[in-house]
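In the form predicted alone, a lone chain appears below as structure tokens.
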């Protein structure tokens, strides 16, 4: 856009300084007064119109630049830009990583997003979405014996499912917690890969979900997704029991060895 965008209103009511600048520019973006590619007024004029010092204005613009909302170009000015969703992902990772039980909380958010997305996908998905899901299903089959590659393939299938819903907001939210979800996928795949029946389940159930989306049967697709998460949780419980039993056997074996060595020492 040629020229500068004129800002008519002066101060963001109820807020002052740094917060006022950020809140006001956010309102301008939400109202459509500012759009991606627009150039803000020069610093001197903008600070005067907003009623803040140039130092406060610079701090606010630097903060917005850090999240990708604006780009500060020396010799040009401050340009409105579209933030990269990966920035939000980094924020979520640092904000949530130190919380206890964060993976369980992320799983609940994931389930909520995917349930709404799969219903949207049954209405909105096009051939490109079907092709992407088919490719991801093929990857699941090809990597079924590899915990790490299989975990990545599983995640990409569910990611494609959300993309097929065609909701930019859901896609952005899902992407923002992607790194935490990927960790969860890999941890779970490592736990359950040796449980009897898991490989057949992973292939067959993802295939059924894919077929329901292609058939545009939202009720069946949603029910399959519910069962998918429930059965997955059951496999994780079985894997936990299996691991605990193995640990008990190992502990008993170590105890027997120690007792045998002690008996041998007494005999000598």
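Here, rigid core means the biggest group of C-alpha atoms that superpose within 1.5 Å across both forms. Note that the coordinates shown come from a computational prediction; the quantities given were computed from them, not determined experimentally. Numbering follows the first chain given and starts at 1.
This protein has a second form, the form predicted together with the DNA, left out of what is shown; the following refers to that one.
>> I'd like to check something about residue 68: if you look in the predicted complex, is any of its heavy atoms closer than or equal to 4.5 Å to a heavy atom of the DNA?
In response: Answer no; every heavy atom of residue 68 is more than 4.5 Å from the DNA in the predicted complex.
> Can any non-hydrogen atom of residue 35 be found within 4.5 angstroms of the DNA in the predicted complex?
Replying inline: Residue-level check for residue 35: no, no contact with the DNA.
> Should residue 56 be counted as a contact of the DNA in the predicted complex, where contact means heavy atoms within 4.5 Å?
Replying inline: Answer yes; at least one heavy atom of residue 56 falls within 4.5 Å of the DNA in the predicted complex.
>> Quick check on residue 76: any heavy atom within 4.5 Å of the DNA in the predicted complex?
In response: It does: once the DNA is placed as it appears in the predicted complex, residue 76 has a heavy atom within 4.5 Å of it.
> Ok, 109, 72, 149, 134: which has a heavy atom sitting within 4.5 Å of the DNA in the predicted complex?
Replying inline: Selected option: 72.
>> Considering non-hydrogen atoms and a 4.5 Å limit, which listed residue (203, 231, 218, 41) is close to the DNA in the predicted complex?
In response: It is 41.
> Counting only heavy atoms and a 4.5 Å cut-off, does the DNA in the predicted complex sit next to every one of 18, 52 and 62?
Replying inline: Yes, all three are in contact.
>> Only one of these stretches, 207 to 215, 223 to 231, 22 to 30, 42 to 50, has heavy atoms within 4.5 Å of the DNA in the predicted complex; which one is it?
In response: One stretch meets the cut-off, namely 42 to 50.
>> Tell me whether residue 226 is among the residues that move between this form and the one not shown (Cα shift of 2 angstroms or more, core superposed).
In response: After core superposition, the C-alpha of residue 226 moves less than 2 Å between this form and the one not shown.
> Core aligned, does the CA of residue 212 move at least 2 Å between this form and the one not shown?
Replying inline: Where the cores coincide, residue 212 shows only a C-alpha shift between this form and the one not shown that is less than 2 Å.
>> Once both forms sit on the same rigid core, is the C-alpha displacement of residue 202 at or above 2 Å between this form and the one not shown?
In response: It does not reach a 2 Å shift.
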